[in-house]
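Single chain ahead, by itself, as structure tokens, in the form predicted alone.
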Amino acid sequence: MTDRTAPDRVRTIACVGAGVIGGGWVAYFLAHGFRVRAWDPAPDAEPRLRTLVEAAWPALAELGLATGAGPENLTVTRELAEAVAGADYVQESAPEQLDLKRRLLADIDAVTPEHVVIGSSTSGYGMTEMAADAASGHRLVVAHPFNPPYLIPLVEVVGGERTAEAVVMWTAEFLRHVGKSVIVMDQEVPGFIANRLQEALWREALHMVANGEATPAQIDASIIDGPGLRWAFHGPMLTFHLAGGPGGMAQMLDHFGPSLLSPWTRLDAPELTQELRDSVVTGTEDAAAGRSIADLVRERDRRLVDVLRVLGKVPGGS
């Protein structure tokens, strides 16, 4: 629509849902100099959100803040309509429950000016199914981030059957303008791209714990000090391309293709028995070695900043 704010002229963002993902979006937008209006139905939403922003701020400050950026630009409202009033973009980050998403997106749609794009942080649902009850389905789009949204650049953008192509393009342009690495998907796929790949690795890890083949600590070490180092800059496809030597991916597939039939992986999810659950929980607590969740978040953020800087993805990176 002609009265939609240009992506580079967005000034105010509404964040609906203030949990880990929603709060991460709030911190990211604040760091980039936006005014943020947030709403969450939980009675303790505001203190939890401000604590999350406070915890994220040191890493964001190290990466570099926009002129005028600060937590003082955050307003937490009592009513949903108050949060979206005057917003140039809305980011929904409610819990991953389909009925809840449908109701909330319909509610957001009903009180948000018709020209404003509404993005959803869903990690698995398609917009076609989530927008079923919304009147203005044309301006609803998936904008799926990775945790923590204030540091991980990736956002997967994809519309539903009713989403206008112009809305998909506007969302991608806006998110790129604010520093995100955007994948515009050609079609809806449950779980999108990154989560499907992550889920395959997660299922195999659970099978290995269930069968006594590896501990959580061994599984993490195998990725941290193994393929994870390469994936930070090449990803699995280029990694295997190099594994083929001068012949590249063609040589890789011709040489190792038969091993795809070997029983190396089990993509069906294992039964989450009490024994498996306890083994995973205990093993993970052992791997944490006394570090609290807050300790691990600080460690994660510090190391992500270091990686992003080394890869040249932030100001000051080499």
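Take the two forms, superpose them, and find the largest set of C-alpha atoms that agree within 1.5 Å; that set is the rigid core. Since the model is a prediction, treat every value here as computed from it, not as a measurement. All residue numbers refer to positions in the sequence shown, first residue = 1.
Keep in mind that the form predicted in complex with another copy of the chain is missing from the display, and what follows is about it.
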Fill in: Contact segment among 100 to 108, 159 to 167, 184 to 192, 82 to 90, judged by heavy atoms lying within 4.5 Å of another copy of the chain in the model of the complex
184 to 192
Discussion item. Would you classify residue 177 as touching another copy of the chain in the model of the complex, given a 4.5 Å non-hydrogen atom cut-off?
Written reply: yes
Worksheet item: Does residue 236 make contact with another copy of the chain in the model of the complex, using a 4.5 Å heavy atom cut-off?
Response: yes
Worksheet item: Though only this chain appears here, would residue 306 touch another copy of the chain in the model of the complex if you measure heavy atom gaps against 4.5 Å?
Response: yes
Discussion item. Would you classify residue 250 as touching another copy of the chain in the model of the complex, given a 4.5 Å non-hydrogen atom cut-off?
Written reply: no
Worksheet entry | Position in contact with another copy of the chain when the complex is considered in the model of the complex, options 132, 76, 172, 208, heavy atoms within 4.5 Å | 208
Discussion item. Heavy atom within 4.5 Å of another copy of the chain in the model of the complex: which residues of 117 to 132 meet that condition, in order?
Written reply: 123, 124
Discussion item. Rigid core aligned, does the Cα position of residue 33 differ by 2 Å or more between this form and the one not shown?
Written reply: no
Item to complete: Please check if residue 20 moves between this form and the one not shown, taking a CA shift of 2 Å or more relative to the superposed core as movement.
Response: no
Worksheet entry | C-alpha of residue 272 moved at least 2 Å between this form and the one not shown on rigid core | yes
Discussion item. Can you confirm the direction of the Cα distance change for residue 57 and residue 309 in the model of the complex, closer or farther than in this form, given it is 3 Å or more?
Written reply: farther
Worksheet item: Would one find the Cα atoms of residue 303 and residue 238 closer or farther in the model of the complex than in this form, where their distance changes by 3 Å or more?
Response: closer
